[in-house]
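Coming up is one lone chain in structure tokens, specifically the form predicted on its own.
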Amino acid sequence: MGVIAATLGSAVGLGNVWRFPAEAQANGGAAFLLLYIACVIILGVPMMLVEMTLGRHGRSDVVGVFKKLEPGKPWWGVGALAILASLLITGFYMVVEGWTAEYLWNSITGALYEGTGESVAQTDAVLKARMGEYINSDFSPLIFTLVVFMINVGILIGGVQKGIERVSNILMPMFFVVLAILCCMTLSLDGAGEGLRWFLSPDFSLITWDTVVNALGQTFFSLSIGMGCIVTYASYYPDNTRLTGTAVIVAMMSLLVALMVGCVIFPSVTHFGLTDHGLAGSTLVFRTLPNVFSMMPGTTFWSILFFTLLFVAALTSTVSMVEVTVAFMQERLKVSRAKAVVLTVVPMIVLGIFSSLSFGSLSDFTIAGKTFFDLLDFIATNLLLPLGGIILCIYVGWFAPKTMLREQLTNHGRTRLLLLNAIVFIIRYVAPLLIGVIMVFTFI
């Protein structure tokens, strides 16, 4: 349970709760959902198995694995790519986690709902202004970003078993309980069926190349593929851990969370008539549900419950991303865990400060037409993660010790895996080809 909870905590985060509904809304709802499910099954699970195999076989950090398996060869560079990706993602991810903490705090104090009125239009106008106040200013978002950094540091210094695993064992069951409560609540609303039909009834005419590209990007982001998280966590796996079963459970639970979040968000939008209010992207979380809660008995209770859920999802993911570099620092520099955590977090804080200010005083500062926040997201998600994924597949499929993949997936022959040959085929041929084609068309 500790293995699954920690890995699930890495995979399930803002990518599922915050990013997925925004991607689904922008890419046709159910059409995007079907492609996302296909990407998770065809590419996501095999890619997770690649990283789990490397981690448990090498028993080292994401760079050390390749230095053990291929001493003196440049394969360790893919580990460096993963560390860089996790560093960049954490730089902007912590900012969104800070927003979540700020919304949670203002839900607790009641400040979030001050001045909201009886009508949807009036309430939404107040909440829209408040969102701008919370996110687009300089001081408050910075403070909350620094607070979440310190929370992550406290957990990471505790180590994997005492810190990460213990927190995941508590928070992940809590995550699903809260999400299930919210799901039951929104599905019982009048008119919920309209939003549910949009989310679950596919219109295949809406599928474009952008839909395919975004579905792949969401798969990598939501399952933490290419970030080094899974390689790092798998290095701690016991020898009797069934890698295939763990990968399938984590992938299916991640899909389940995305489905449940969709069943919370979209019925709420249609029930409260918010479809014409310009809701898009992050506003699906930070405006839609506060609108919902403001019109329900127990507004404060539901708001605290939801933003607690969102903060838990963010925290378990950021902890796992920072752990990638912490493990590398411990292995390569031979320093204590506490010192490794500090050395890792300092550059992330610098990135986080610039990412936060890119919504405030640095909003007009752009590089290649992108704010600092958007630039980190683009480089990490659209370039580093897919590129790292391709190289990992090529290495494990063609250059790694020939028996490594089969031995790890069958626990050295102790378990039988009927789909072993199919998995090997996907890792060798299907995954690198598909990811490569999608990357090319992304930049075209």
Ligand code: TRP
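Note that the coordinates shown come from a computational prediction; the quantities given were computed from them, not determined experimentally. Throughout, we count residues from 1 along the sequence that is shown.
Heads up, the form predicted in complex with the named molecule isn't pictured, but that's what we're talking about next.
Here the marked residues Leu14, Phe220 and Ser317 all reach the named molecule in the model of the complex, each with a heavy atom within 4.5 angstroms. Exactly one of the stretches 320-328, 286-294, 368-376, 351-359 approaches the named molecule in the model of the complex with heavy atoms within 4.5 Å, and it is 320-328.
Under a 4.5 angstroms non-hydrogen atom cutoff, the named molecule in the model of the complex has Leu385 among its neighbouring residues. The named molecule is not shown here, and in the model of the complex it never comes within 4.5 Å of any heavy atom of Phe266.
Heavy atoms of Ser224 reach within 4.5 Å of the named molecule in the model of the complex, making it an interface residue. The closest heavy atom approach of Val250 to the named molecule in the model of the complex falls outside 4.5 Å. Comment: the named molecule is not present in this chain, but in the model of the complex one of Leu112, Ile89, Ala234, Val96 has a heavy atom within 4.5 Å of it, namely Ile89.
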